[in-house]
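First comes one chain, alone, set out as structure tokens in the form predicted alone.
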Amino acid sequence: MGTAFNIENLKFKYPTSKNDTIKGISFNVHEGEIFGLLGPSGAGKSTTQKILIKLLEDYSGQISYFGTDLKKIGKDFYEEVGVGFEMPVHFSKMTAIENMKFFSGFYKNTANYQELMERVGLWEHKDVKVGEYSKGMKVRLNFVRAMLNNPRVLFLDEVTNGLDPKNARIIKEIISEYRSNGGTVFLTTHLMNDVDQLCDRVGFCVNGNLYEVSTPRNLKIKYGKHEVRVEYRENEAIKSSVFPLQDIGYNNDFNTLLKEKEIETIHSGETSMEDIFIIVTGVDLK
């Protein structure tokens, strides 16, 4: 596996802005991984994504796509990338199947959209006008459209936002399978459950700067409390005790508690991705 994107000292300023929106960020996206770019609204996530999909080109710094300068790549680039914007883009007066046939016409290589629509539960509604679809149905159709060209790299923005848990799980299963087959995913989202379940690595974008590029696991270890909390029943009441995680197997009080009490739960001090988001960005997701 190589590097899908290598970004060095990326800066960007909108013509109407006095200050840079992107302030010299550097990171890479490995081929065959799901990379999550996280951060509060207005932090620069969407701008970065638009630059990587060549919607914005007046930037400074260096971006390479599989070793080639992104600015030197022509329209063939769009044969290799799939994009799912947060706001679904369809023709509302056309049926779902008419939309898929129309968008498929842009590509040389196309996926089996019937199979994709069946999997996300839309094939039985293929002849319904998209304007009559619910928000969740539009989100699912939007995902199918992003997959139409069998992309090498998939850009997804809030891909499960507005979906019920069952359909969100189906979408995430397809994304995981896509990655397992060698696909690369660039994901932006506020849903930390998606980050936990999908991302191999994440980076936090705050005020145009990039912080803490790492794996979710390593971030949880870094920001977590190195302790174990045990809840147990004693005299019909639920009580709890906290023990340091280091050398926990040799902690006599911990071992005695496990042997003598009716244990209800045992938890490590692992910090959630939501807590880490708040710590790093200073923004509460609630």
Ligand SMILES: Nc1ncnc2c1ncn2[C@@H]1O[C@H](COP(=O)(O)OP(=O)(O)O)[C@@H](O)[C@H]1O
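In this text the structure is predicted, and so the values were computed from the model without any measurement. Counting begins at 1, following the sequence as shown.
The discussion below concerns the form predicted in complex with the ligand, not included here.
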Considering the ligand in the predicted complex, find the one stretch among 257 to 265, 227 to 235, 35 to 43, 241 to 249 with heavy atoms no farther than 4.5 Å from it.
35 to 43
Are any of the heavy atoms in T21 no more than 4.5 Å from a heavy atom of the ligand in the predicted complex?
yes
Given a 4.5 Å distance limit between heavy atoms, list every residue of 70 to 84 close to the ligand in the predicted complex, or none if there are none.
none
